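Shown below, as structure tokens, is a lone chain in the form predicted alone; questions about how it binds or moves come after it.
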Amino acid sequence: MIDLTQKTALVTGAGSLANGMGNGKATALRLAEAGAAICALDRDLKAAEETCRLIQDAGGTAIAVEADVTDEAQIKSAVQHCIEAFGKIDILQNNVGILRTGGAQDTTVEDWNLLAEVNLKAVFLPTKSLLPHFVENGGGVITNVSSIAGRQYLGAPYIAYNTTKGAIVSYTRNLAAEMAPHGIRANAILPGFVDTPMARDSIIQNAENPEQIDWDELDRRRAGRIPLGRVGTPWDIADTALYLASDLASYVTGTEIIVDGGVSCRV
């Protein structure tokens, strides 16, 4: 059993749309189950507070922090608040990302800039703000959520999203190599098709008749593309994040773990 008692984790994107279960929320809950104190950061304070309520109801420790991951001043303040609350931070879990449809010809400059702004700053700013603390303490763990779409085309036109997710892999590798002498590990998780509120919201936003979406049929079609025969859940991502945050992964850095049910080996 993984034991994270005496550890503190800052989890960005720890809330979820409509009280659903996203990757960040599931990861915050999983880390808390292992004993970590959680700083649940989200731009939606109520969503972060809901995550904290679930953690506290289960006997864990958590505080909610409101911050926009694209705002350096807000992130610096949030990091300092978490350190003051718990004395230290040991684990940084970067989950925030947004999605927009668009191929090479029809992606707008506005969407391109927006995805670059959000998806890249979402890993860069929290990491930059925490690194001095990690260096001073002699180590830390950073896990960034990317996507298998950052490695290969999956049949849908999301070129700006896919590009930013690929950039996160490169950033993580460079970060790991540079910071390894300080005892800091950095890795990326690459999810495949995962059923999250954000994924469903994207489908709704791009549907001609959202009210006519047959979710069961959609899940069956998606599962048909996956060798393991099912769509992933946020808990699949959370369990991987738990492993990477733990001492079981003490010799793992600068790499990516693909969590996609085998999609990458079939495409």
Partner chain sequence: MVSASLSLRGKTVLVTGAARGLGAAIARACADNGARLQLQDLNETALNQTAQELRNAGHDVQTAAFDLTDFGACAEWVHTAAAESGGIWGLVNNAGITNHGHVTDQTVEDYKSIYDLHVFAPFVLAREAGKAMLSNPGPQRGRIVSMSSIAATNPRPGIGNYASSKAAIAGLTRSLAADFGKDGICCNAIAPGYVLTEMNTRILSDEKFVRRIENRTPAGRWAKPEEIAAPAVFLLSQASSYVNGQLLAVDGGMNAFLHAEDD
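Everything quoted here is computed from the prediction, not taken from an experiment. Positions refer to the first chain, counted from 1.
We do not show the form predicted together with its partner chain, though everything after this point is about it.
Of the residues 152, 101, 174, 80, just one reaches its partner chain in the predicted complex with a heavy atom at 4.5 Å or closer; this is 152.
Interface residue among 34, 218, 45, 228, judged by heavy atoms within 4.5 Å of its partner chain in the predicted complex: 218. In the predicted complex, at least one heavy atom of residue 222 sits within 4.5 Å of its partner chain. For residue 134, no non-hydrogen atom is located within 4.5 Å of its partner chain in the predicted complex, even though that partner is not displayed. The closest heavy atom approach of residue 193 to its partner chain in the predicted complex falls within 4.5 Å.
At a distance threshold of 4.5 angstroms between non-hydrogen atoms, residue 148 is in contact with its partner chain in the predicted complex. From the list 177-185, 152-160, 81-89, 137-145, the contact stretch for its partner chain in the predicted complex under a 4.5 Å heavy atom rule is 152-160.
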